[in-house]
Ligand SMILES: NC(=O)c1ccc[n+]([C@@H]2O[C@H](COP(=O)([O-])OP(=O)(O)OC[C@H]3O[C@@H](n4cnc5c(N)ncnc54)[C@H](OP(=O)(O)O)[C@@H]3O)[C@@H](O)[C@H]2O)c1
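This document opens with one chain alone, in structure tokens, the form predicted alone.
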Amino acid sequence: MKKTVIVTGAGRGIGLATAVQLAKDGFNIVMTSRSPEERYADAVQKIRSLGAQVLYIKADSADTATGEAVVSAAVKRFGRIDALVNNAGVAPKVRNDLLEMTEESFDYVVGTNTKGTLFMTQAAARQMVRQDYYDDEHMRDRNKGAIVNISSCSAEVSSISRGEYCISKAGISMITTLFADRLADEGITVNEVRPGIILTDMTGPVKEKYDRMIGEGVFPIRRWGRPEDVAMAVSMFLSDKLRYTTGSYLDVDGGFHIKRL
């Protein structure tokens, strides 16, 4: 029996790479995106070609009703939810100095990145708690469920031209801590992946800046991160290899977090 994972923001970038990797790992995939399925028809077909059953749900993570709706649809299709990857996220539409940040921009970014992650996690966790262990015979060694949040190096690194983004990602880190604490006794692990500079549509507008930083050695591993780098970290957290790990995070940033003289 295959396990089922929900991957939010799965139409492209890190979300799509994660969905592809988890399909390779043997999961059935519930994909969410704000765009209609037709836009990502090739992505859906690619995942199905790997042997996974796919349920695509058009959903806006900023809507607090989304979590319950996605979970309900996933359970109706697959019977249970074994894992959740909170990947859906947005950047500010305009990078402004911290003194010029608008309430509209703050609400847009935090509403999707932080509030969306919180209530999607809550809905999935409620369902996981209600479920039996996936493998009753080995219930003392196996977890009932696993949640991975995609935050960012910006959870700790200041970017004064996009303060709302940094705040939103720091909030995700606390969501990881809180739910890891709450769900540990339930047999559900909650961990976090913190990507650094990853080559996606989101970083496209500042590619020249990051190309320069990479060339200058700001990142010890001198290359762009790839969505697949993040996907493999998620895969590890959802495997049976880290069953005794919760409330932790993994930097996938080419060593950017290292403090150097």
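Everything numeric in this text was worked out from a predicted model, so none of it was measured. Quick note: we count residues from 1 along the sequence shown, nothing fancier.
The same protein has a further form, the form predicted together with this ligand, not shown here; the description that follows concerns it.
> Which one of these stretches, 213-221, 231-239, 41-49, 196-204, sits within 4.5 Å of this ligand in the model of the complex when only heavy atoms are counted?
Partner-contacting stretch among the options: 196-204.
> Hey, in the model of the complex, does residue 22 get a heavy atom within 4.5 angstroms of this ligand?
Contact check for residue 22: no, nothing within 4.5 Å of this ligand in the model of the complex.
> Taking 4.5 angstroms as the cut-off for heavy atoms, does residue 90 touch this ligand in the model of the complex?
Heavy-atom contact with this ligand at 4.5 Å: present for residue 90.
> Does residue 189 make contact with this ligand in the model of the complex, using a 4.5 Å heavy atom cut-off?
Judged by the heavy-atom cut-off of 4.5 Å, residue 189 is well away from this ligand in the model of the complex.
> Can residue 37 be called a contact residue for this ligand in the model of the complex at 4.5 Å between heavy atoms?
Outside the cut-off, so no.
> Note which of 121, 127, 105, 112 lies within 4.5 Å of this ligand in the model of the complex, where distance is taken over heavy atoms; exactly one does.
Filtering the options by heavy-atom distance leaves 112.
> Any residue of 53-76 with a heavy atom within 4.5 Å of this ligand in the model of the complex counts; write them all down in order.
Residues within 4.5 Å: 59, 60, 61, 62.
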